[in-house]
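Okay, so here's just one chain, in structure tokens, the form predicted on its own.
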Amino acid sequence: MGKVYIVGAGPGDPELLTLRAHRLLSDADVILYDALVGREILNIAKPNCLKVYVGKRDGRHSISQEEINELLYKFSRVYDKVVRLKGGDPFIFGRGGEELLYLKSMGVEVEVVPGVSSALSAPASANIPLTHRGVSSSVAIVNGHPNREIDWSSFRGIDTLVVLMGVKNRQKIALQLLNSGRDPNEPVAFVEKATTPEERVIFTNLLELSREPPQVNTPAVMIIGPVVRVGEELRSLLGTTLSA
């Protein structure tokens, strides 16, 4: 029986892969990869590597999670090195924990290789610090998928909110945050396709977002809190073009 590696691919830029991830990709027999994994990263694989797409985007699932689990198990019985490649970090809304539990229950040897999560890298790439002295000392990472029921009032006291998978639900999220007591003028930023040449940053605030949401393309990370103003100032000082 072979070994399965649950690997984080990072936010998109191949140079943000960990050295461990790069070595594993270049030597893998099989790679099962998600929708957000770019072609440049897949090209690291050796020529005879079997690449299997198992991605999920916008509610369209090419394959169920249960089927992915079974594929990982079956491949581990045939190949020595099986890589399960996930965008960002496998344990940040990536179902890496579910796959780890399943494989362990089946007696498969597994190693988890952390990746750079878009929750951290997207704001940094846009020059938005998630924490800043005198501005933010707390951060929460939230799943904003429309199918998730979130008690947004529980985040009332958190200085900075980072919302993943929240683009489609962005207007509803803004309304719920306003209803929970957050400041209507609280700034919001969306970072599209972070760390790639197509990166774009859109600035707004909660009130505007609740009334007339700006056009945002997926994938994008949503940042809410006063640190967004710090990011705008930094981008201006650095001469970065502000997107509207």
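Numbers follow the displayed sequence, beginning with 1. Small disclaimer: the values here were computed from a predicted structure and weren't measured.
Keep in mind that the form predicted together with S-adenosyl-L-homocysteine is missing from the display, and what follows is about it.
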Original post:
Do residue 92 and S-adenosyl-L-homocysteine come within 4.5 Å of each other in the predicted complex, heavy atoms counted?
Top reply: yes
Original post:
Just to confirm, residue 11 within 4.5 Å of S-adenosyl-L-homocysteine in the predicted complex by heavy atoms?
Top reply: yes
Original post:
Do residue 173 and S-adenosyl-L-homocysteine come within 4.5 Å of each other in the predicted complex, heavy atoms counted?
Top reply: no
**OP:** Consider residue 193 of the chain shown here, and say whether it contacts S-adenosyl-L-homocysteine in the predicted complex, taking contact as heavy atoms within 4.5 Å.
**Re:** yes
Original post:
Which of these stretches, 153-161, 83-91, 102-110, 70-78, has heavy atoms within 4.5 Å of S-adenosyl-L-homocysteine in the predicted complex?
Top reply: 83-91
**OP:** Could you check which residue among 188, 41, 177, 36 gets a heavy atom within 4.5 Å of S-adenosyl-L-homocysteine in the predicted complex?
**Re:** 36
Subject >> Option touching S-adenosyl-L-homocysteine, based on a heavy atom within 4.5 Å in the predicted complex, out of 227, 24, 17, 220 >> reply: 220
